[in-house]
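Below, in structure tokens: the form predicted alone, a single chain.
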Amino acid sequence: MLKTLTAQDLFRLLDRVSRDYNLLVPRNLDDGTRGLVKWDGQQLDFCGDPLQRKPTSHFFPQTDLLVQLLKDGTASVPRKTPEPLALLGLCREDLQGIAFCDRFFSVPPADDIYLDKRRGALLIGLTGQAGPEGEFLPLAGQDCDIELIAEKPTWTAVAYSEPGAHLLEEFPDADPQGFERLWERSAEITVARQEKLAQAAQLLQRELVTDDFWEEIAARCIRCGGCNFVCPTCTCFCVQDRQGSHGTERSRIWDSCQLDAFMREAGGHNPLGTALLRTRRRIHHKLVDDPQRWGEPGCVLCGRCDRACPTGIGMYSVCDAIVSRFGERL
């Protein structure tokens, strides 16, 4: 389903969504960042910098309560809120990250905690002239219920699911030829970043990257875990118990493979006991293990780790260094 929307139509659409969903929309925040906030019926910022908070955190939060063991011996399990979530403002890479986690958490034994939050949620992609200063963002074409493509002054809206089609049904049809031109423009956007990732993956898969390279990269790591904590496809967590006045709460919290205790065993042995091994694992997991298991890399090139890393060893920066150092070996 292909529709065209004016600015007035767009606000009508958001009002319709907000009746049945807890709608979060992009807004430029006071601290200079851009994030998703609850729709107030008036203010939102369609164009701007990428969202730094990973979209998967809405379904796999940093701290996720699993069960509360009360002092009277009973257990309380948190329930999903009755109002499903709707996220507006997700770019192609954000949607790819959510799709990756959907598949990961659905593999038996399925993670019902994640899936309970994800089930019924509405994903609204935001592409076209919606980047910083109206920069063109490539079309998503999938992984969402509705894709809003900014063209200024109008919008092209595409439905990819039954709920999305229902929400768009009242709006006028769009010109298919115009939509095809948007796809052509998306195809013209450079694929150099994807090529660099593929080259680095090939070098790793063929074991052409030497340990001295990883020693150099590991020496720059300050073990902050920021690369993992902002990555939309990182799914590692640990479990913690906290005692309070009412009983004990068991929660899962994000973990980072860059931290020393990530794989440390009860007996003290740590198969990832050095910074070199941990740093190599972070990149190797995304570019070698994930393609073997899923048929695609675990990196969607959202750029969050590169923006977050204070020492410049995010995924793309490391891939660039790998290709520069070892690319001639291909």
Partner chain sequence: MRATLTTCPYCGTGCNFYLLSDDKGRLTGIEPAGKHSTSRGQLCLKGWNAHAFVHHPERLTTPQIRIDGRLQSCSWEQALAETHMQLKRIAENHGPDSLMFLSSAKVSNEENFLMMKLARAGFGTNNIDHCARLCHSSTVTGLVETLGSGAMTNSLSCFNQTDLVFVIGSNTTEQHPLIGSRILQAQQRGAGLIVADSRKIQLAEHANLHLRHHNGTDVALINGMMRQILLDGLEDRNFIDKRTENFAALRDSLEAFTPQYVAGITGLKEHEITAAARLYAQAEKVMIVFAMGITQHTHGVDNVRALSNLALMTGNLGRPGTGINPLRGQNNVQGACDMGALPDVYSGYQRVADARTRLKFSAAWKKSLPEKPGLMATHAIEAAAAGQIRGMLIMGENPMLSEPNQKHVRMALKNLEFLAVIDIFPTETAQLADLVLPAACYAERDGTYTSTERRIQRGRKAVAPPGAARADWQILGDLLRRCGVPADYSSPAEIMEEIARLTPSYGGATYARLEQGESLQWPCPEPEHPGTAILHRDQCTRGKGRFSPTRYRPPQELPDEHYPFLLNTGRTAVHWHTGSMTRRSHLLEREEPQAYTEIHPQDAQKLNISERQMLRISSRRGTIEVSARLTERVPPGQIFIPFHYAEGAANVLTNNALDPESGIPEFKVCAVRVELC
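Numbering follows the first chain given and starts at 1. Values in this document were obtained by computation on a predicted structure and should not be read as measured data.
This protein has a second form, the form predicted in complex with its partner chain, left out of what is shown; the following refers to that one.
Scanning Ala165, Ala198, Leu115, Cys221 against its partner chain in the model of the complex with a 4.5 Å heavy atom cut-off leaves one residue, Cys221. Put simply, of Gly32, Pro271, Gly295, Gly41 only one has a heavy atom within 4.5 Å of its partner chain in the model of the complex, and it is Gly32.
Heavy atoms within 4.5 Å of its partner chain in the model of the complex are found in exactly one of 255 to 263, 140 to 148, 118 to 126, 178 to 186, that being 255 to 263. Its partner chain in the model of the complex is not approached by Leu208, whose heavy atoms all lie more than 4.5 angstroms from it. At least one heavy atom of Arg53 is located within 4.5 Å of its partner chain in the model of the complex. Using a 4.5 angstroms threshold between heavy atoms, Arg16 stays clear of its partner chain in the model of the complex.
Contact annotation: Asp289 falls outside 4.5 Å of its partner chain in the model of the complex, judged by heavy atom distances. Site residues Thr63, Cys238 and Gly244 are all in contact with its partner chain in the model of the complex, judged by any heavy atom within 4.5 Å.
For the stretch 294 to 316, the set of residues having any non-hydrogen atom within 4.5 angstroms of its partner chain in the model of the complex comprises Arg307, Ala308, Cys309, Pro310, Thr311, in sequence order.
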